[in-house]
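Each of two forms of one protein chain follows alone as structure tokens, named structure 1 and structure 2.
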Structure 1
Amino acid sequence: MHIEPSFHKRYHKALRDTAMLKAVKNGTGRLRGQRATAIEGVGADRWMEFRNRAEAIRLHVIQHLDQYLEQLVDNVIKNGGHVCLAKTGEEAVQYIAELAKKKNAKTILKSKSMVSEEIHLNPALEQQGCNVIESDLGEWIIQLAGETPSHIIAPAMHKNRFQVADLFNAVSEEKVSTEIADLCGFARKYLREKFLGIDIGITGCNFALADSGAITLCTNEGNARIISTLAPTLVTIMGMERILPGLEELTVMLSLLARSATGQKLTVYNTLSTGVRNPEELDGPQEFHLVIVDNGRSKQLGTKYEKILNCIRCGSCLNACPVYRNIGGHAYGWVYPGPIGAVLSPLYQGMDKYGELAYATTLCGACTFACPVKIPLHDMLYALRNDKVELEKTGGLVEDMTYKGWSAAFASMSRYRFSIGMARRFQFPLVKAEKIAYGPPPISDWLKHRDMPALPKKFFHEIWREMKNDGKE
């Protein structure tokens, strides 16, 4: 999938894709509604208590991350597993690729893992001859399409059923209809057969429990559970921050994750895997590898962005964001879209590459309100804008003069009224049907998709003064 380097080009391309926009608006609208119903069932006060508790847990873990990481690593090794602490994505990919080579692996099945997308694992394994198959339905759809995820929990949200049917028919020997049940039936049958020939299984990790070394996998399709059961060699990839102290904290997080993500009381399949099977067990992996990825995360510790590590990847901020709902996920350019992606991408990948994403927000605060662990996303986006300006010194003479003029005009009532009066008098070349229809860049771009009312003939304070003078107050 070709990704334009410019955010400007990416979102303009997205705005022209009406089928994608319709699918995204339908999908996010459905998830927002389900979440609202779920919270209503809990009660607003109790929901806030949940959020406070979850925030406290995540803050505690991040502040003691080194301690919990050490405990997790010790317990995984004690359970018979192997651990790779990867400083970069390249180190993680190299470790897994060498393991696949050592095992002479031909077929690798994966469950959904945003970290594996982040480090570009699939292309590296395919390059050395492995057949990598995504077992999550949404991930498999975008794999067939040669695309990247457009949503954290619903990677193929941007596709409608007709597009999915076309993709399925390209790999099916029989015609698959566009009915949802038929599409799901075909995917189930096709993927189930692939599980039987698995050499290595790769899963993501919702939460790792430090006190036991257990890995928590949450899916609605059960595919991660099948992989962790059938794969002779199992690899789990996790971001270094996805740790909880133990089961007590996990119960809080599972309840919040499901309700925030899909509006469910609980995800259908919640699997706790402790790695290598015991001699008396009939299934489970014979070999287990936990790959813990840093890839820019540790740089956020102790900074004003540290709270971004609290994220539990529920996708709730995406569904709440008016910008995401109107441009979809691919416009963000990297693996994490929406408000969380607009913060993570410049922090993990660099301000020079993704700094523009700080402007992909209305700063309405809907993302912060939706976040179950209370990450102040819109404050972070505002801070990133400041960082970008300070870093690049892009203001320039014209922008400096504009803002100084603006400040001077708004600091005095008489100057403000004089400025508004002049603007009202000389706006007529730009006005059409009582709206500002024309303007120089960057206003011209803004006006393509939004209405800006023309200044009225009279303002309220002028009408009010006239009414007082006429004795109509």
Structure 2
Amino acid sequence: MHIEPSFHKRYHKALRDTAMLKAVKNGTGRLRGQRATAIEGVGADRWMEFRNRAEAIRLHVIQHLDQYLEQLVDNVIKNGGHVCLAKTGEEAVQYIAELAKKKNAKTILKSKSMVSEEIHLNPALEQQGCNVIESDLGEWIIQLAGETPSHIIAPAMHKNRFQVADLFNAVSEEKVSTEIADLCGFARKYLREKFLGIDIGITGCNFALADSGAITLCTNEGNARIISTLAPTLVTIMGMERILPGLEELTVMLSLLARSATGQKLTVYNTLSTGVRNPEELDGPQEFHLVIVDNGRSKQLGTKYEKILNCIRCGSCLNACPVYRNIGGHAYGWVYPGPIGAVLSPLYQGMDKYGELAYATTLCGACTFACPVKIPLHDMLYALRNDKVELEKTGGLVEDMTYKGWSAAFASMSRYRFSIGMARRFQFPLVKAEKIAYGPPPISDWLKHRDMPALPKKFFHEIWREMKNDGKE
């Protein structure tokens, strides 16, 4: 999919796509409704307790990340697996591509991995002749459409069933109707056949458990567990922060993840696997590779953004975000959309490329309050803006001058009163019926969608002079 480099162009394109916006509003509406019901079921106070516990667990893990990583790696190797610690996305891709070559892999089935999107794994494998098939419904739909995910947990949220039927009909011999049951039935039949020819299976990882080296996968369709059962060679890709100490912590995180993401008490399938099959076992991979990807993550350790590594990719900040709901996920330009994306993209990919995303938010705080692990997303967005001004020494010439002028004027009552007095005097060409409907930049942008009240005949501080001695009015 061609991604337009300018955020401005991306979101304008999104704003014109009414079918997409309708689908996204429906999808996020459904998810946040389900989440609200789930929290009601638990009770607000207990939910807060859950969040506090989950936050503590994540903070602990991130603070001891090196130690847990070491333990995880040791245990995976002890269990007979191989580990690749990839500093960059390219390193991870190269490792997996070489493995595919070595195995002479033709058919690769994948399930649930945002990281693989992050490192552009599919195109690299396809280039060397592999047939890479996404096995989860949402991922498969966007693969057929040649697009990237638009939501963390519902990658095809932006599509309606008519669009999905068109995509399916392009690969189907018989006509598929637009009924949901038919669409699901077709996908199941089509994909199940592919599983039989699997050479390599690739999955993501919700959490890796350090004390056992087990990989946890949470899914509602179960395809990930088919892959981890059938594939002779299994590769799991994970972001280096997706670690928990052990089962006890996992139980806390699982129920929180499901409730936050879809409002379920638990996801339908929660698979734990420790890689290669034992000699007496009948299924499971013969070879297991865990690829642990850094790709900008370790840079956040010890900084004011460290807590971003607590993210468990539940997607609830997306559903809560008024901006996301009105522009959809693709407008964000990188794998992670919504508030989490607005923080992650500039941090991982650079301010120069994605700095604008820090401004693509109303700073309403809905994301922070939706986040199950209490990441202060909106504070980070403030901080990113401050970084832009302080580190780059500029927020743009016009803005620099505006705020320098603003602070000079507003730090003194007389200058402040003088400035607003001047504004009142010079507003008259714009005022009509006590309203302003047209004006010069920057208010022209505001006035595109709304009117502005004209400055009144008397400011409050002038009225106060009259009221001051009223005492009792």
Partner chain sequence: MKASLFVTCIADMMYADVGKSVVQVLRRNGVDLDFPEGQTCCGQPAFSSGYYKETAIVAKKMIEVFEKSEKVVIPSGSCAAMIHHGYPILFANDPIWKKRAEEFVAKCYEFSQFIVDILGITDVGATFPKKVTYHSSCHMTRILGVEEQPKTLLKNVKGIDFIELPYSFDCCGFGGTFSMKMADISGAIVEEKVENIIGTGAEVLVGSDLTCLMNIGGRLSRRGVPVQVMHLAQVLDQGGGKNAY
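FYI, numbering is relative to structure 1, first residue = 1. Note that the rigid core is defined as the largest set of C-alphas that superpose within 1.5 Å between two forms. Computed from a predicted structure; not experimentally measured.
Trainee: Just checking, which of these two is the form predicted alone?
Mentor: If we ask which form is the one predicted alone, the answer is structure 1.
Trainee: Core superposed first: is there a CA shift of 2 Å or greater at residue 458 between structure 1 and structure 2?
Mentor: Yes, the C-alpha position differs by at least 2 Å between structure 1 and structure 2.
Trainee: Aligned on the rigid core, do the two forms place the Cα of residue 29 2 Å or more apart, comparing between structure 1 and structure 2?
Mentor: Residue 29: C-alpha displaced by less than 2 Å between structure 1 and structure 2.
Trainee: Taking the rigid core as the frame, how far in Å does the Cα of residue 444 move between structure 1 and structure 2?
Mentor: Between its two positions, the C-alpha of residue 444 lies 3.5 Å apart after core fitting.
Trainee: Hey, core superposed, how many Å does residue 425 shift at the CA between structure 1 and structure 2?
Mentor: Value for residue 425 between structure 1 and structure 2: 5.8 Å of C-alpha shift.
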